[in-house]
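Have a look below at one chain only, the form predicted alone, in structure tokens format.
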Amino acid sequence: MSARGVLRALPTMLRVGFAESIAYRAEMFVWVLSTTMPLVNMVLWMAVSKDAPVGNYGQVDFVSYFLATFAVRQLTSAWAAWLINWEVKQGTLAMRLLRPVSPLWAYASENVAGFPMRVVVAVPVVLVSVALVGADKAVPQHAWGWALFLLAVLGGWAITFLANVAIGALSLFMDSSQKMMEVWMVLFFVCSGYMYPVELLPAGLRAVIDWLPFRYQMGLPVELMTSAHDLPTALGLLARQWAWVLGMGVLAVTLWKQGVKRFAAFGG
């Protein structure tokens, strides 16, 4: 289908996706409960920094950081890998392939359509953060800070979604790629800033992480939300983030197209 056709179909797909997110709101609530690890980490790091700051982080800084992490996690998550794995295994992917719009657009619209529900969860957490640590540590202080933060959230979601598609597409080459997704998630927890601020890592390890995609899924949006960088540094990190978006996009589309050819051969 042409780009014009996709744009015409997109509002309908978003409406359907939003209706599904409303219908499955109970499942979403359970998912939100499963992402409370930042709150646990916040308590642990507050205890660690009780007597003295850890790096540049005191107790207030850890509260600000991990509440921002919890909020950003709600906005940048994607689950396409699990859905693709399930549909390949069940054979229901064939139904999507019969539609005129690429399944990748459908997966993306279903994910994006859940944003309003996730914002409902994230906004109160941000307000609590403002009340606890003050607006200067909880949210960006300049208009450019808000713009870069929103761009970083979009980039973080894009990397997460495209990585999901790439790993999910591997299920078209093997029985299941869920173990690959589990490995990716472990690396995400270690390298993204989800468990601790990347700044606390040794300089050599942090330099390596700066060139991996995981920090740009989570750490960068959180750092921009808490005003951790000046404008030149933020722009440099955003450039790296969107380079990863581009790279992940090429990888995901390539794997998907090659994998679908194998799926057609199987189905025939």
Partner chain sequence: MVRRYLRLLGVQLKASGLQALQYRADFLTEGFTSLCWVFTALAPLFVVYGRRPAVEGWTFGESLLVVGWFTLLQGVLEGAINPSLTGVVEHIRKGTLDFVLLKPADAQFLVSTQRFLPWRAFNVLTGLGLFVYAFMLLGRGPSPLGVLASVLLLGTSTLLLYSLWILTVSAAFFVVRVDNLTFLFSSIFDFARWPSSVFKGVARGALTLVFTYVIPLALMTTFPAEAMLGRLPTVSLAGAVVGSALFAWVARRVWIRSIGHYTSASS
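Numbering follows the first chain given and starts at 1. Treat the numbers as computed from the prediction; the structure is a model and nothing was measured.
Another form, the form predicted in complex with the partner chain, is not on view; read the next lines as being about it.
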Inset, instruction - Counting non-hydrogen atoms within 4.5 angstroms of the partner chain in the predicted complex, say which of Val60, Leu238, Leu212, Leu201 makes the cut. - result: Leu201
Inset, instruction - Select from the listed residues Ala94, Leu75, Val190, Val101 the one whose heavy atoms reach within 4.5 Å of the partner chain in the predicted complex. - result: Val190
Inset, instruction - Using heavy atoms and a 4.5 Å cut-off, decide whether Ala3, Leu7 and Leu246 all contact the partner chain in the predicted complex. - result: no
Legend entry - Proximity of His142 to the partner chain in the predicted complex, heavy atoms at 4.5 Å: no
Legend entry - Interface membership of Glu182, the partner chain in the predicted complex, 4.5 Å heavy atom rule: yes
Inset, instruction - Please check if Tyr196 has a heavy atom lying within 4.5 Å of any heavy atom of the partner chain in the predicted complex. - result: yes
Legend entry - is_contact(Pro232, the partner chain) in the predicted complex, heavy atom dist at most 4.5 Å: no
Legend entry - Stretch 9-35 - residues with a heavy atom within 4.5 Å of the partner chain in the predicted complex: Glu27, Val30, Trp31, Leu33, Ser34
